[in-house]
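Next up: just one chain, as C-alpha cells, the form predicted alone.
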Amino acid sequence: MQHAARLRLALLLSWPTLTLLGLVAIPALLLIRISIAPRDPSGMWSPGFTLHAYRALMEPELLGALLDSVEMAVVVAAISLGLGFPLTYLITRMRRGQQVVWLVFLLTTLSLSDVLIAFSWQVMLSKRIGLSNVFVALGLMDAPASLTPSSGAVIACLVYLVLPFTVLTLFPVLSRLKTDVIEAARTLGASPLRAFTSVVVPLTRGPAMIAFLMAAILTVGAYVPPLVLGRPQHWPMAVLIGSTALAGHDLPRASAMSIFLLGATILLAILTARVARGRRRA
C-alpha cells in the first residue's frame, strides 16, 4: 500500500519534468539538429552534417548584431530597474486600495500585444500627431519631426514593455520590507534619500539583480519593437534570425544564430549571478 502511494507521488511529481522536456529540451535538440544540417533551398534543410551555418556566425554583421542585442538588453534592463525600483517602493508605501489600483493597471498593460504597443509608439512618435508637436509647443523643438526610426524609440518602447515585469518582481520583496529599519535610519539623522540608498537598496540587492536579469532576458530576444521602430543597420539578432528564416529560407543558419543568441543570454545570466553573489559577499 505504501509502495503504491510512493509510486503515485513519483508519477505526480514527474509531470513538471516531462513538461520541461517537452517544451524546452525537445525543441532545443531539434534546433541543434537543424543547425548542423545542410541547407536545401527547396525544403529548408536536408539530412546530413555540416558546420557551415556556424562558420557564418563569425561574419562582422552577425557579431555586431549580437553585440547590439546584448547592449540593448543591458541598457533596457538598467533603465527598467532604475525606474521600477523607486516606483515599486512608492507603491508599497501606499494604502492597500491604491496598491491594488496600481497593480491592476500594470497587469492590464501586460495584456496588450507587443505588436500593438510597437505600432502605437510609432504613431505616438510620428511627425504629424506625435510627441514632437508637444515638444514644439513647449519650446523644446523648432518644428515637428518624426522621432522614428531611432535607437531611443526602440529603448523607450522596450522599457514600457519590461517595466511591469520589473515592478511585479520587486513588489513582494519590498512589500515585506519592515519599516522599522527605515525609521531607525531616519532617527539617526539620515534623509529619506539616504535611508533609501543605504538601507532599502542593500537589503533588496538580490531581488533587484533578479529583476535586472529578467528584464535583460525579455529584451535580448525582442523582435517587433526593433523591427518597427529601429534602423535596419541596428537591428538586433532576433530580427536577423527572422529575416534569415523567412526571407532567406535558410533554416540551418537561422537555427545556428538562435543557438548563438541563446548562448549569449545564458552567459549574460551567469555574469549577472556572479556579480550579485560578489556584491552579497562584499
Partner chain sequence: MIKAAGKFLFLALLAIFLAAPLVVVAGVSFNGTQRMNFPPQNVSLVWYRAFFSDPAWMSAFSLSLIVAALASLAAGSIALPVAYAIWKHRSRMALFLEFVARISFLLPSIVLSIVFLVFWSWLGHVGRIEDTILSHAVVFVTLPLATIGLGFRSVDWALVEAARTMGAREGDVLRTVVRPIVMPYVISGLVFVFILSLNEYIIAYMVAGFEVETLPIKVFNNLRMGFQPTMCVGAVLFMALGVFAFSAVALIGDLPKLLGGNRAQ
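Numbering follows the first chain given and starts at 1. Superpose the two forms; the largest set of C-alphas matching within 1.5 Å is the rigid core. Because the structure is a prediction, the values reported are computed rather than measured.
Another form exists, predicted together with its partner chain; not displayed. Remarks below refer to it.
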Looking at its partner chain in the predicted bound form, do all three of F105, Q122 and V228 come within 4.5 Å of it through at least one heavy atom?
yes
The one option of T148, T92, T204, S132 with any heavy atom within 4.5 Å of its partner chain in the predicted bound form is T92
Choose one stretch from 140 to 148, 106 to 114, 193 to 201, 70 to 78: the one whose residues place a heavy atom within 4.5 angstroms of its partner chain in the predicted bound form.
106 to 114
Although its partner chain is absent from this view, report whether G242 comes within 4.5 Å of it in the predicted bound form, heavy atoms only.
yes
Exercise: L31 in contact with its partner chain in the predicted bound form, heavy atom 4.5 Å
yes
I'd like to check something about L163: if you look in the predicted bound form, is any of its heavy atoms closer than or equal to 4.5 Å to a heavy atom of its partner chain?
yes
Report yes if any heavy atom of A269 sits within 4.5 Å of a heavy atom of its partner chain in the predicted bound form; otherwise report no.
no
Residues in 125 to 139 with any heavy atom within 4.5 Å of its partner chain in the predicted bound form
S126, R128, I129
Core superposition between the shown form and the other one, C-alpha change of G263 at least 2 Å
no
